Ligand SMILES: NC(=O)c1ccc[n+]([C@@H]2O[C@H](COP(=O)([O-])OP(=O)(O)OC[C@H]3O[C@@H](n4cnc5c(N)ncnc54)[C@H](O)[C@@H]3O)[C@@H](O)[C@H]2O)c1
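Shown next as structure tokens: one chain only, the form predicted on its own.
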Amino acid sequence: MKALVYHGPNDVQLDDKPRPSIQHSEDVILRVTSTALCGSDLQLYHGTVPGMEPGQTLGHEFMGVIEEAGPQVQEVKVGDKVVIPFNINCGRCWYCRHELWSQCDRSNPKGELGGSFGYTQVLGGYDGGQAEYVRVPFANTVAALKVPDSIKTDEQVLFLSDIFPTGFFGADMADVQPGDDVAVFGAGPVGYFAVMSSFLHGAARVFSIDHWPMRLNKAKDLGAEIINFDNEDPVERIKKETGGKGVICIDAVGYEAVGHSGRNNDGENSNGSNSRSKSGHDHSKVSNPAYEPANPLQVINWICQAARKYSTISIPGVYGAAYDQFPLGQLFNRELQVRLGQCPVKKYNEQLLHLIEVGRVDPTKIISHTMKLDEAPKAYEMFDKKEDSTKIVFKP
């Protein structure tokens, strides 16, 4: 089969690999019908995530049709079309029983963190879904989200694998309430769905902060008020627009920071941020030391100044051990709470599926390109530049 394989920093190739087979009684083999390129895949592409070894198939956003099923698979059957959450969960450990799906204790044989598709040996070394076929373990739990007949295209539901639930998780962690003013830092795919989800939670206004015009315009189409940090100080704009009160803040960016025009916690100019990442890894030792993001804490410093006092800051973007110098003084003085982590996708995907099914939301609007899997290496280069792409979907 064809699979997109990691060969080293900035080097991904379409390889021929053996088709996966059933290894355990709860496995299914999925024929992938659609898969997507996520901002988190760029962390792997850059070589900044420990444990990423050459030979691993990439991709954690995918869906498809079940072609084979192990003897103990009962919740789904051969022929079902399903959407697969990026985090792998057994369904029976203490964390899964308490619906803390991202922290499953049994899905990762190589460490304490829960397992994930296509995302390094640290998270279990599972091959991902940017391929023609993929093995899905614990299928009674992981593959349980069936696509109803009312859904006509993969693109309507593909993002239930990650970015739509993650954006919703961001608004949920921030405890967005009806009438709140919200600021979403980062207008990438997760930022887009965080804007959408903030409105679903009842936000009165949502500001979207970034510097890529195409991405900001996508957020504007949702009703967000856009702030380009290349052109203005986002903290000053937010304070002005809210009469000094501040906003509920969501960091949909993470540690990969580029840009300029901002203030650090001393009020001096420093660098901004526009990228996004997700899973909680230790980035203190990266496999590509030549790749060094600029001032990854800029967004946190902006948030500490723009947040409404006594509110909760939501961080679905990742900061590993190399980026742990948080501005604790500001958090303490302004009595700001912080919630962060990896989205437990199964907590949200069924309710979000129903919103799609009845036409309340249209996730397809974030898609900028649909490409063949053969074009994936070129797509990574294009997506890394961010200038003319918001979300790329592959068809194996």
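So that there is no doubt, residue numbering starts at 1 and follows the sequence shown. Given the structure is predicted, the values throughout are model-derived calculations rather than measurements.
What comes next is about the form predicted together with the named molecule, which does not appear here.
In the model of the complex, every residue of the candidate spot (I209, F229 and A252) has a heavy atom lying within 4.5 Å of the named molecule. Taking a 4.5 Å heavy atom cutoff to the named molecule in the model of the complex, the contact residue among A183, V142, A174, V190 is V190. With the partner omitted here, the residue from G341, P327, G70, P50 that has a non-hydrogen atom within 4.5 angstroms of the named molecule in the model of the complex is G341. At the 4.5 Å threshold, heavy atoms of Y380 stay clear of the named molecule in the model of the complex, well away from it. V299 belongs to the set of residues with a heavy atom inside 4.5 Å of the named molecule in the model of the complex. Shown alone here, P316 lies within 4.5 Å of the named molecule in the model of the complex, counting heavy atoms only.
Although the partner is absent from this view, G39 contacts the named molecule in the model of the complex, with a non-hydrogen atom inside 4.5 angstroms. Checking 236-244, 74-82, 160-168, 89-97 against the named molecule in the model of the complex, the stretch whose residues place heavy atoms within 4.5 Å of it is 160-168. Along 56-79, a non-hydrogen atom within 4.5 Å of the named molecule in the model of the complex is carried by no residue at all.
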